[in-house]
Each structure stands twice: as structure tokens, then as C-alpha cells.
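A single chain, nothing else alongside it, follows as C-alpha cells in the form predicted alone.
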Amino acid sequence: MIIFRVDDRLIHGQVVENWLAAFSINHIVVSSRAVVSDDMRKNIMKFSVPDGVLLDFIDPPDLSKFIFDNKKNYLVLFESLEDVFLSVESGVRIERLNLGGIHYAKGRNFSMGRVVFLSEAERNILKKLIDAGIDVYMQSIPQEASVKLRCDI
């Protein structure tokens, strides 16, 4: 199983305590342009991952080269919708995409709930992903109901 999730906090308590446990995740892949070249952020995340869970850092355009083992359960974390788009452009096939947290920042004036805020450019990327046939849904934790997004966002 592979869960693809956008969460600008990447690895944090909600992910470790809820997502890893609920789906028996044994391998996390962080696919972020910003993180792949930031050794300090990578080291912090390494300390946040429980023992027995593998962790890889992959540049989004290179995610298409990663070989997923069908005997493992993966959580692929993207820091941004742009990272998702770069992965899809390079050939990654994503059937479902979880929006877990894109927090408010300057220029993100479109609110889609309490933890998803988008700029106009991010809305356009999201529309492209939905138009490409990706089932996009919002869900902070597995215990909450998911909310499917439509292409008219």
C-alpha cells in the first residue's frame, strides 16, 4: 500500500502517532525539493521516525525511479503541491492524494478548511492534478472522515 500525502510539516506527531499506526507504515519517503538538499532538516526527521520504519529522501522528479516493494506499506510525504506536480510530470502514478496540511502563509488566500490554504498558483496545480484523474481528498488524521475535492475548486 502507498499513501501519498501533502503536509507542509512533513514528519510530525500527527503523522507518527496516527498515520503510521493506522496503516502499519514501515517505510516513509519524503519527496521535497527543499528537504533533499537540507541535511539539518533530514537529520531532525531521522530522529522523529520510530525504530523499524525506514526513511528515504527523494527529489520529486526522481520519485519515478524509486522502486516500491509491494510487501511494504509506504507513506510518501510531499511538502507542497508543486512537489506532487513535479513527481507526476516525471511519471509517478498517483491514484489518490491526501491533503493533510497546507498551512496559512502570505499569498495563501483561498481557504479549504482549517488546515488547507492555497495560493492561486497552488489552486491551479491542484486543478491540474484533479483533471489528470487523481482522487484528491482532505483528511488530517485517519480517524476523521475524508472530504473529496472536485475540479471546480
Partner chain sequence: MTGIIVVTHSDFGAYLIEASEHVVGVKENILSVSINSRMSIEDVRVNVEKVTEEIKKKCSDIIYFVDIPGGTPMNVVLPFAKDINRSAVVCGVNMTMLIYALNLKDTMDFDALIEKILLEGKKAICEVKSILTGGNK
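Since this is a predicted model, take the numbers as computed values, not measurements. Residue numbers count along the first chain shown, from 1.
Keep in mind the form predicted together with its partner chain is missing from the figure; the text below concerns it.
With the partner removed from view, the residue among I94, V29, V115, V53 that has a non-hydrogen atom within 4.5 Å of its partner chain in the predicted bound form turns out to be V115. For the candidate spot formed by I44, S48 and H103, every residue has a non-hydrogen atom within 4.5 angstroms of its partner chain in the predicted bound form. Partner proximity in the predicted bound form, defined as non-hydrogen atoms within 4.5 angstroms of its partner chain, places exactly one of 81-89, 122-130, 36-44, 55-63 at the interface: 36-44. In the predicted bound form, its partner chain sits beyond 4.5 Å of every heavy atom of P142. Remark: E17 counts among the residues lining its partner chain in the predicted bound form, judged by a heavy atom distance of 4.5 Å or less.
Although the partner is absent here, I25 sits far enough away that none of its heavy atoms falls within 4.5 Å of its partner chain in the predicted bound form.
Among heavy atoms of I11, some come within 4.5 Å of its partner chain in the predicted bound form. Residues in 60-91 all lack a heavy atom within 4.5 Å of its partner chain in the predicted bound form.
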